[in-house]
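Quick heads-up: it's one chain on its own, the form predicted alone, in structure tokens.
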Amino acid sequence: MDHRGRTGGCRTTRRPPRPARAPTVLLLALLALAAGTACRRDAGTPARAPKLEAGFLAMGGIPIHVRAWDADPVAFAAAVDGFRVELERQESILSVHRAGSTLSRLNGAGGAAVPVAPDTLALLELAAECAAETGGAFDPTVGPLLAAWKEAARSGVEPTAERIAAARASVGMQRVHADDDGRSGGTVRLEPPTTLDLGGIAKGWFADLGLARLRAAGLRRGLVELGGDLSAYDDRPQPEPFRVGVRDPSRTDGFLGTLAIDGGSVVTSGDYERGYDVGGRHFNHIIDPRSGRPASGLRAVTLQAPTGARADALATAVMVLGERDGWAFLARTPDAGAVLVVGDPAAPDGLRIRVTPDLRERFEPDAARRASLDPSP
């Protein structure tokens, strides 16, 4: 993205929905439903901490769950209500499915500059930085390629090389031009026929906004889960870990194992239910912006990073990069760790699980999946 007035690498500060990635990360072993009730514990955590919980639907029906421990109920309710209102505002800006949203107007502007709010500029900057960091494996201008594969699913015929090349010609963050006025936001202009879809980073950004609301209300331990992607923190003097269940891509009701985190975000990207069925073959719904073809090789990536937005973008990027390049990317990215699920016919049930060194002591495989764990460095 050509952006004057902003600098920096892919940041780890707060940020937001891929239209609907299947829910793939679930919180396990929840604490008590409210103050005063009998209390279940996160595995391995001795303290009993009363929990408050609220839930609602947003972004076209995605379930949102908000939890806080040792919290004032009035402050918690106000924070959740503020978060809900903020999500409605963000959706009115970022949804490509809502006529009149800022992104819809930008995509239909025919190359004209469109005014945008400061937080939208910040999100675009983050998306551009992550696109650069991943060598284009994450790219929110991938829409023309998605359209080509949706057409293929309808017709039953794979896109031709010419069709893919034509779509790729309009993909790339260098075709997005932003100007920051330093006060009330700025403007963004797209080179036609480029379009923007921030769904690959927005869910994580939204989770970060939710955590910011909880912290601002003085709540010392909180969690936000959006459609299965999870962000959490514990600012208490004696913090307790969160245990996260990592879904098994081959078993709709099963888990690969559990991951213990002290905070930050956990996002899963995978080939679960969604995809393109073309000519008797099933293709991943995640498209490699560099080749124009569906990602292959990895069944799923569960990625942990300091913020939801960063975890969201990098999980998609590692899926696109595949096992070898994705593993190399993670090795040079110190603030990101991951559990990779590799499609491998030689492995038990055709799945091989690789865990980056920083998460190995924190990942406990399910008994049914221990044989699939790859012991190699």
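The first residue of the sequence shown is number 1, and the count goes up from there. What you see is a predicted model, and the numbers here were worked out from it, not measured in a lab.
The discussion below concerns the form predicted together with a small molecule, not included here.
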property	result
65, 226 and 241 all contacting the small molecule in the predicted bound form, non-hydrogen atom within 4.5 Å	no
Contact test in the predicted bound form: residue 289 vs the small molecule, heavy atoms, 4.5 Å	yes
4.5 Å heavy atom contact, residue 138 to the small molecule in the predicted bound form	yes
Contact flag, residue 146 vs the small molecule in the predicted bound form, heavy atom cut 4.5 Å	yes
Partner proximity in the predicted bound form: residue 248 to the small molecule, non-hydrogen atom cutoff 4.5 Å	no
Listed range touching the small molecule, judged in the predicted bound form by heavy atoms within 4.5 Å, from 196-204, 175-183, 213-221, 162-170	196-204
Residue (of 89, 154, 274, 282) lying close to the small molecule in the predicted bound form, criterion heavy atoms within 4.5 Å	274
Contacting member of 300, 142, 79, 230, with respect to the small molecule in the predicted bound form [4.5 Å, heavy atom]	142
